[in-house]
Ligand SMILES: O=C(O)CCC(=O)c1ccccc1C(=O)O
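Taking the form predicted on its own, here's one chain by itself in structure tokens.
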């Protein structure tokens, strides 16, 4: 896909001068970690977040830095809504913890349930989804996210096993575009939509999934896609409905996602931007946790006392600043 030329990259010194690195405890273990590290960068237009997961290589992480630069240095697209309806996100917790975790999401009518976790079984997934359905009742919406953890046969089997719970959609049930396309063909009579996440945000060609007819909707995230404008371009080019989600961001990162959701012409699904509820601490005095099932759109300002209280250890701060420098070199063509 052809994209307009990227705006100039500000000098590295400007990024580092306004950078704070934090380590926030999680209320629930997620993605195998108990703390979330993030670099927060202040630019002329406010604060932005740079928080690619630690295992991501610099070439992938550089796109996340481009998103931070875009948000902190450039005006964002006009918003068409001021409030974003959000879903609850349920990690692959034991079934007895389902109620405890979901109680952190005020008013959310939709729950995304993580499934296909390593060292767990389909029976664990079924039990977790059943508990969610019982808590929500028949009017609630349940979607599942396998993060590409199944092959086609496993995904089809899981869809059968979970059919009684009236799923809203399956998010990234398989890893590849070809697998998603085959599964979508197999499930066509079921009226069970397939959403693509990793096949969009981690792909060299984010439009391949749409061209292959491999998904009914796309999950988009502001940071991994290079910013709000770039994500809007991708959604428009796919021609598919979109769900805006987060990457376990602080409230600063969630405000970037909210800016994306606020600018989309249509927002038919609740968004995965309620994940501040998974954090035991945040960087703003009034975190972007769901209230009445929604979060506001708009920039946020970190609290200096919270930045100090949750500052990462010196060695971790140094590692993040070095990472920013390496990604900056890739973006500016000086690597």
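Numbering follows the first chain given and starts at 1. Note that the coordinates shown come from a computational prediction; the quantities given were computed from them, not determined experimentally.
This protein has a second form, the form predicted in complex with this ligand, left out of what is shown; the following refers to that one.
- Heavy atoms of every residue among 147, 197 and 275 are located within 4.5 Å of this ligand in the predicted bound form.
- Annotated contact segment (heavy atom within 4.5 Å of this ligand in the predicted bound form): 241 to 249, selected among 241 to 249, 256 to 264, 173 to 181, 116 to 124.
- Not displayed here, this ligand is kept clear of residue 229 by more than 4.5 Å at the level of heavy atoms in the predicted bound form.
- Under a 4.5 angstroms non-hydrogen atom cutoff, this ligand in the predicted bound form has residue 221 among its neighbouring residues.
- Not displayed here, this ligand is kept clear of residue 35 by more than 4.5 Å at the level of heavy atoms in the predicted bound form.
- For residue 201, a non-hydrogen atom is located within 4.5 Å of this ligand in the predicted bound form, even though that partner is not displayed.
- Annotation for 78 to 106: interface residues with this ligand in the predicted bound form are 87, 89 [heavy atom within 4.5 Å].
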